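One chain is shown next in structure tokens, namely the form predicted alone.
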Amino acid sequence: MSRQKIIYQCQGCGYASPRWLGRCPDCGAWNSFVEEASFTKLKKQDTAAPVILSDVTHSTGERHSTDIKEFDRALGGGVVKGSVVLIGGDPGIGKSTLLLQALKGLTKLGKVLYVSGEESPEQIKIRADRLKVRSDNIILLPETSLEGIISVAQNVAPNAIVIDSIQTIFSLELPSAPGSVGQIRECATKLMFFAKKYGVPLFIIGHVTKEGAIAGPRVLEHIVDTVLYFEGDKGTPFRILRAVKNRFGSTNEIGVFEMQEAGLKEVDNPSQLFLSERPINVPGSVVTASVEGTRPLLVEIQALVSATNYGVPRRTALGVDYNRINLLVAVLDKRLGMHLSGADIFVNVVGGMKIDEPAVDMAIIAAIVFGEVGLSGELRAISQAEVRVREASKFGLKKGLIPAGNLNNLKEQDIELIGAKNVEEALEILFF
């Protein structure tokens, strides 16, 4: 490549400008210009030869365990050679802790490189001692220059690389500051090329700002192979590692951890964890069966309804979709005559879980295990009913109410099942 220059390009329509503009003159978008590297002349490059699909061979089972079962589950079974994994989450939620623990398991393959642009080797050593991570195969590199990182990686030839974090890395080819969209995209792309070329698993840590700013990991989602989000309330010790994109496995797989003084501890039975402090025979406490990826989970949903002291009633939802709550309240008001327009309604999923599947609709409405509610009040059949029932039975529940459409398709279970066709029939079974 010959002479390079910097241009500013609109991310909405592609309009290019030699200088930064607050508003795009073509599509009218605000704050959409980011710096891009532009080359005036490109050398002729070799093109890839076409191949017949049936002639393509690939190896199976090329996964390496990190010795953390919950992490391997979220990855789809382990670390794939040459894969690029992005781990996003709020600052301080435990991303660096998790990867430092995972590197200990990957040292059995050989040397691993931990690149830190935020902490000194002394700070990482303090954390490693607390986590009891000791290995001569973990190499620390306090570096923020992309060119320097790639040079060291070529010399060290590690079997895995961690970048902590991508917001601190910058390329000398771009004049913008670290953390800008152009720098993040350029650095992530070149690191991805390196990982694919040498077959080295690459883990990238990305911070998410409260405002969802462009410096967050969403800029990188199209570049990487796997996107994992660390979720959880800092006020509780529980952490959920959720896969939202995975080219080597299923999405929505989750790993459950508990933050302790000695690091992140795996939770083998999340259902027992989420229901350990559930009150018995208390109105507003509901157990529902949710499926996250391939794992069934029993979680507690709490609801509180009280007369409002304000002109407009409040609706608060933690762990479930706020708009879904409003929809279900409208169904109760219209179809069942429950006048809730003058009541404050608070809904919370205990333990910091976030549930986005409609199978928990009836759990929100009343003390029912699971079911999807339609706008006409019908109770629709849901997917993977058998694994949900099996998880409830394993936990010791004796009776469950399910959609009538699922009842005939289930094999004999150890739990008594009652089918309901609509919300009104379900409430009559429960309370009358």
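When you see a residue number, it is the position in the sequence shown, counting from 1. Keep in mind it's a predicted model, so treat the numbers as computed, not measured.
The form predicted together with a small molecule is left out here; the points below concern that form.
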Exactly one of P121, P91, P283, G337 comes within 4.5 Å of the small molecule in the predicted complex through a heavy atom, and that residue is P91
By the heavy atom within 4.5 Å rule, which residue out of R185, K95, R73, K104 makes contact with the small molecule in the predicted complex?
K95
Interface membership of H207, the small molecule in the predicted complex, 4.5 Å heavy atom rule
yes
Against the small molecule in the predicted complex, would R127 count as a contact residue? Criterion: heavy atoms within 4.5 Å.
yes
I'd like to check something about Q260: if you look in the predicted complex, is any of its heavy atoms closer than or equal to 4.5 Å to a heavy atom of the small molecule?
yes
My question is simply whether L131 lines the interface with the small molecule in the predicted complex - judged by any non-hydrogen atom within 4.5 Å.
yes
Since the chain is shown here on its own, which stretch among 96 to 104, 241 to 249, 78 to 86, 338 to 346 would lie within 4.5 Å of the small molecule in the predicted complex, judged by heavy atoms?
96 to 104
